[in-house]
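Given next, in C-alpha cells, is a single chain: the form predicted on its own.
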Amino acid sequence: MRPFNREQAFRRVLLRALDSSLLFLAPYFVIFLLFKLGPIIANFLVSAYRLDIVGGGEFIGLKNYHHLLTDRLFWVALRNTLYYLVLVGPVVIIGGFLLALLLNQPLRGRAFARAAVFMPYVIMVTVVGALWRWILESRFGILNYYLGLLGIGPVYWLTSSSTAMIGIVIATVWWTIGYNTVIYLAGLQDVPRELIEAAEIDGAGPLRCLTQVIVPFLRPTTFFVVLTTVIYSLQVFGQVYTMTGGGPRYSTLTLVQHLYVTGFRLFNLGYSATISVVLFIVILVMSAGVFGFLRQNVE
C-alpha cells in the first residue's frame, strides 16, 4: 500500500478545481475575446489608418491623432461631455441616495413609490427622447405651460444653446435616477439594525446616525454608484441623438455623438476610431482616479 502524500493530494484537488473552474468560465472568455477585447484592439489599429467604407485604407501612423489636436469640434465635444458629467453626476448620486432613504421608510404606498421611481429606467432611450422633446417644446410643451402659470417663460429648452444641455440633463436625471436609488436601497437593507440601535442608545439623533453609521456603511455602494455614473455619463449618446442631434450650434455635441457623425455619416472611419480611442483613455483615466480615491475611503 502506497503511503499517503498530503501535498500530492492537495495538488490533485487544486488542479481538478481549476480545471472545472476554467471549463465553466471558458464561454465567458470566448465571448469577451470576440466581442470586447478583439474590437478594442482592432479599433486601436484602425485609428492608424485613413479609412472609409470602400477599400482597405491607407496606413498613416499618428496623423489622425495630430488632426485630433487641431479639431475644434473634438474639443467642443470633450468640454460638453465633461460639462454634462458635472451637471448629471452629483444629482443622480446624491438624489438617488436621498430617494433611497425616503423609500426605505415604512410609509404607506412605499411599494408603488419604488416602482414609480424605477419605472423610467426600463423605458427605451428613443422613447425618453421623444417624450422629453414634447415636454420641453417651447410653444406647446407641458413644462412651459406650468412655468407660464407661475409667470415664467417661455423657455426655449432645446432650441437655445444656453439651455439645450440643461434640457438633456433634466431628461437624463428623470430617466436614470431610479437605477442609483435601487442600488442604494439594496445597500440600506444590509445596514445592521443593531448598529443603529446602539448609536441611538448612545444618544445619537437621526442626523448623527445617518452621517456616522449609515453613510460610512454604504461606502462600497457609493463607490459602485460613483464609478458607474462617471462611465455612463462619459458615454452619453442616445438622449443627445434623439433630442438635439448635437445642436443647436454644437452646444450639446458630445464625444460619442461626434465619433458617430464622423464614422457613420461622413464615413471617416479611421478618424472616428481615433476619437473612440481617446474616449476610451479618458474613461480609463477618470475611472482609475475614482477607483484610487474611493478605494482608500472604503478600506
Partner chain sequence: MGRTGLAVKEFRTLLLYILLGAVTVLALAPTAWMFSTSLKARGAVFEQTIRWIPNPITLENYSRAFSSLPLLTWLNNSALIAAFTLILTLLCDILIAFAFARLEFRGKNLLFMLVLTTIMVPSQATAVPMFKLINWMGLIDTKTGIVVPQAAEAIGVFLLTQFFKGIPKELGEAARIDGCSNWQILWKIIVPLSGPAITVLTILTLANSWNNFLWPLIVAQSEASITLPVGLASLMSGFSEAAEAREYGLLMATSMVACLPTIVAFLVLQQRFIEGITMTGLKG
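Small disclaimer: the values here were computed from a predicted structure and weren't measured. Positions refer to the first chain, counted from 1.
This protein has a second form, the form predicted together with its partner chain, left out of what is shown; the following refers to that one.
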property: Interface segment, criterion being heavy atoms within 4.5 Å of its partner chain in the model of the complex, picked from 214 to 222, 73 to 81, 117 to 125, 196 to 204; result: 117 to 125
property: Contact residue in the model of the complex, from L85, I183, I93, V169 (heavy atom within 4.5 Å of its partner chain); result: I183
property: is_contact(Y241, its partner chain) in the model of the complex, heavy atom dist at most 4.5 Å; result: yes
property: Contact flag, V256 vs its partner chain in the model of the complex, heavy atom cut 4.5 Å; result: yes
property: Its partner chain contact at G245 in the model of the complex, heavy atom, 4.5 Å; result: no
property: Close approach of K36 to its partner chain in the model of the complex, 4.5 Å, heavy atom; result: yes
property: Site test, L23, P27 and T176 vs its partner chain in the model of the complex, non-hydrogen atom cutoff 4.5 Å; result: yes
property: Partner contacts for 46 to 67, taking its partner chain in the model of the complex and a 4.5 Å heavy atom cut-off; result: V46, L51, D52, I53, V54, G55
property: Outcome for the Cα pair I31, I53 in the model of the complex, compared with this form (closer or farther; change of 3 Å or more); result: closer
